[in-house]
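Given as structure tokens, the chain that follows is alone and in the form predicted on its own.
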């Protein structure tokens, strides 16, 4: 077991998968230079035939990824920031998400569209979105939102080996967060959620970047006798709600923390499932803690004001734990 930062865990997964399978290729914007650190050293180890810098043209890159995957490669396309996925959206939505179905399974598209998402670094409106809800609605793509270094590695390895396209979004402002990562070849099962902390008073479902602050709050509240159960869904598609509903039968209270805009967020879907399938277990309204429906500000104080954080998570938990109907 090694203690790695998230970007180191991602780098380890890429290195291991490229060594394991010569069909795995990596290309994208500045992957050779590795501005984020997650592709560091891969060009030197695997050479220009398998690691290649590309022009800054996302519409070109996503089309290249579809073509290379259809030709038999396992593609990792690094797009740097999740906002840049918007520019390459056509090939993702109209080709990658649909070609396997439209060809009756004759074409496999093992592609990982990798990007850094979320705020916390004053990167301004065009570099700070968490757009996973948009991709959840496509059908035909997996959506991965790892919240820990161990899952960042395990989920990336699973995504590379899978024959379906995956949108792989890592928490940009938390790339330096450290955690224990297994040394052995461990993959994280696709579409399986995880109980990160057991509790009895309230269930909190944090998505991606929100896992770490939620666990911090849960540990702090435990000292006051408030028992928080934390369920990390890990995969937005396929979304495993079984563990969330099981937890809800125990606690009766639910907070979903999602660094996406409130309207049509992943939190909205999870809250709808809770209301639809777990209504009889609810002791209080479901609380969605999300981002207001606006652009992420550049100003650090304004950015902090719109993003979910530990203080807001704690306030939501306290409000629901003390809630009394009527």
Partner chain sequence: MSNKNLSKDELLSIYRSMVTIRQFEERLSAESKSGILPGPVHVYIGQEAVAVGICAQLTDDDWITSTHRGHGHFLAKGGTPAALMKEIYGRETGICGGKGGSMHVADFSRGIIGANGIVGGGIALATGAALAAQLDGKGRCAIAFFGDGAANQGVMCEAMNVAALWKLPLILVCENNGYSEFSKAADVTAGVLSDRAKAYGVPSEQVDGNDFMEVWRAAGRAVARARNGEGPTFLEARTYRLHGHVESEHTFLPKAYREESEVEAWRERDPIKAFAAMLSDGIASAQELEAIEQEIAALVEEAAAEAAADPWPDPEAAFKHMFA
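These numbers were taken from a predicted model, which means no experiment stands behind them. Positions refer to the first chain, counted from 1.
Quick note: we don't show the form predicted in complex with the partner chain, though the next part is all about it.
Between the partner chain and the residues 197, 212, 246, 100, the one pair within 4.5 Å by heavy atoms in the predicted complex involves 100.
In short, of 82 to 90, 147 to 155, 201 to 209, 177 to 185 it is 82 to 90 that has heavy atoms within 4.5 Å of the partner chain in the predicted complex.
Taking the partner from the other structure, the partner chain in the predicted complex has no heavy atom within 4.5 Å of any heavy atom of residue 45. Shown alone here, residue 217 lies farther than 4.5 Å from the partner chain in the predicted complex, counting heavy atoms only. Looking at residue 310, you'd find every heavy atom of it more than 4.5 angstroms from the partner chain in the predicted complex. The closest heavy atom approach of residue 192 to the partner chain in the predicted complex falls outside 4.5 Å.
Of the residues in 102 to 132, those that come within 4.5 Å of the partner chain in the predicted complex through at least one heavy atom are, in sequence order, 102, 103, 104, 105, 106, 107, 108, 121, 122, 123, 124, 125, 126, 127.
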